[in-house]
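In the block that follows, a single chain appears as structure tokens, in the form predicted alone.
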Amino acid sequence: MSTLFWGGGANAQKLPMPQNLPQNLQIHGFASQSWLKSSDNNVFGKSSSDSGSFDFRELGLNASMRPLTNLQFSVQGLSRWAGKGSTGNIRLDYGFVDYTYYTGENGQLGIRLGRMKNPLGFYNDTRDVPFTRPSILLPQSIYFDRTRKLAIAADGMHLYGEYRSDLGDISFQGGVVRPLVRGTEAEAAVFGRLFSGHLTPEISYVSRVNYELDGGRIRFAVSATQLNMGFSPGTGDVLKDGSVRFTPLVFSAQYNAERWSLTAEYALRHLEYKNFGPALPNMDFTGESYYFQGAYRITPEWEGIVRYDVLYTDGSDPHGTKWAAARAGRQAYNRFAKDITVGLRWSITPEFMLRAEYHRVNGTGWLSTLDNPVSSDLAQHWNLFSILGSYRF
């Protein structure tokens, strides 16, 4: 895996280990605090208030141990504040056993069991650590923060492998999992509101194939996922025990030079709602997302980024006009978002980083309904400015 993927060129230095630990035990952690100010609409708390929002912070502690050459245990606990969707509860971010049952000169095969990151696009595996993200906010057209818990990890089994040759390196990862669907964040994203019942996990499938040439100078990936969820109605719910199927297909490409990188990803997101009754008729539509991103490493300590990010909730109705016409009081711009982002990163030391970025957004398609409960109050054109400080050890 290229160092650019994990942290970005000179920013990916190996950190010193705490002392007095067994040789095969590694412990790392991170902490970050952000401030966000938006002209309209709320992101991670009341960012549209005069004082902005400090309700975006992340604390993580992870450990790994390799008692045998081909056996590793990994675990990470995370506490995350991100507006009303994440309120700082400590939870298991990932925890799994990794057994490599074949290692050869040109490749390897292995299996993982437990709670693992979903292999989705270039950034989902490492999006929890601020140092490994290309910006404060990832491209929201593909890496939704309003459904972060649902997308980032699942419980189950993964098979993985890698083959290396002079023509490039090919790796794959695929598995059978149960998605993490409990909580208000996922329910608000799936239904647009909260009910007394709750979502239930069903057997789902994840997969990704990567190709790299020249140690990561050129990278391609295809990710295919099928997340299946049910619904258990509560007292007084108008919904019946229906089902939701979410099937994203993501195509990823990246070129890395000595001082600059170009990245693009394109996604088709198929969504089906079935058997919820008259209150939520059956629906079946495919959304479309893409972004183009450029990063330039000005010096080993400074990096600039620019990105254009587009989300269409329904590709057959990209600007939401048909959807809004059928729903009184709803705005067409609730169904799309076009985001121009510019940002700057300053790596003060290998352990401490500052970031600042500006977003100019047309549309509200990726905003959380928990932080913005009245859709008619949302503004179509809005600005977002954010600052982040992060420390790791």
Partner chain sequence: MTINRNSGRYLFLVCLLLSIFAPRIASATEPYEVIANPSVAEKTLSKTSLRAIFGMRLHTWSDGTAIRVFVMADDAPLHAAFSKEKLNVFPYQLRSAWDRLVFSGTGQAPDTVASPEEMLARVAGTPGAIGYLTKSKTDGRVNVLQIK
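Note that the structure is a prediction, hence the values are computed from the model and not measured. Numbering follows the first chain given and starts at 1.
The form predicted together with the partner chain exists for this protein as well; it is not shown, and the discussion that follows is about that form.
Participant: Which residue among T263, N228, Q140, T132 has a heavy atom within 4.5 angstroms of the partner chain in the predicted bound form?
Facilitator: Among T263, N228, Q140, T132, a heavy atom within 4.5 Å of the partner chain in the predicted bound form occurs only for T132.
Participant: Could you work out which of S64, Q33, N362, S39 is the residue within 4.5 angstroms of the partner chain in the predicted bound form, going by heavy atoms?
Facilitator: Of the listed residues, the single hit is S64.
Participant: Pick from 334-342, 47-55, 65-73, 363-371: which stretch has non-hydrogen atoms within 4.5 Å of the partner chain in the predicted bound form?
Facilitator: Of the options given, it is 65-73.
Participant: Give a yes/no on whether Y290 approaches the partner chain to within 4.5 Å in the predicted bound form, heavy atoms considered.
Facilitator: No, Y290 sits far enough from the partner chain in the predicted bound form that none of its heavy atoms falls within 4.5 Å.
Participant: Applying a 4.5 Å heavy atom distance criterion, does R112 contact the partner chain in the predicted bound form?
Facilitator: R112: contacts the partner chain in the predicted bound form.
Participant: Decide whether G104 counts as a contact residue for the partner chain in the predicted bound form under a heavy atom distance cut-off of 4.5 Å.
Facilitator: Because a heavy atom of G104 falls inside 4.5 Å of the partner chain in the predicted bound form, the answer is yes.
Participant: Tell me, yes or no, whether T235 is in contact with the partner chain in the predicted bound form, where a contact means a heavy atom of each within 4.5 Å.
Facilitator: Because no heavy atom of T235 falls inside 4.5 Å of the partner chain in the predicted bound form, the answer is no.
Participant: Can you tell me which bits of 158-192 touch the partner chain in the predicted bound form, meaning any heavy atom within 4.5 Å?
Facilitator: Residues within 4.5 Å: E162, R164, S165, D166, D169.
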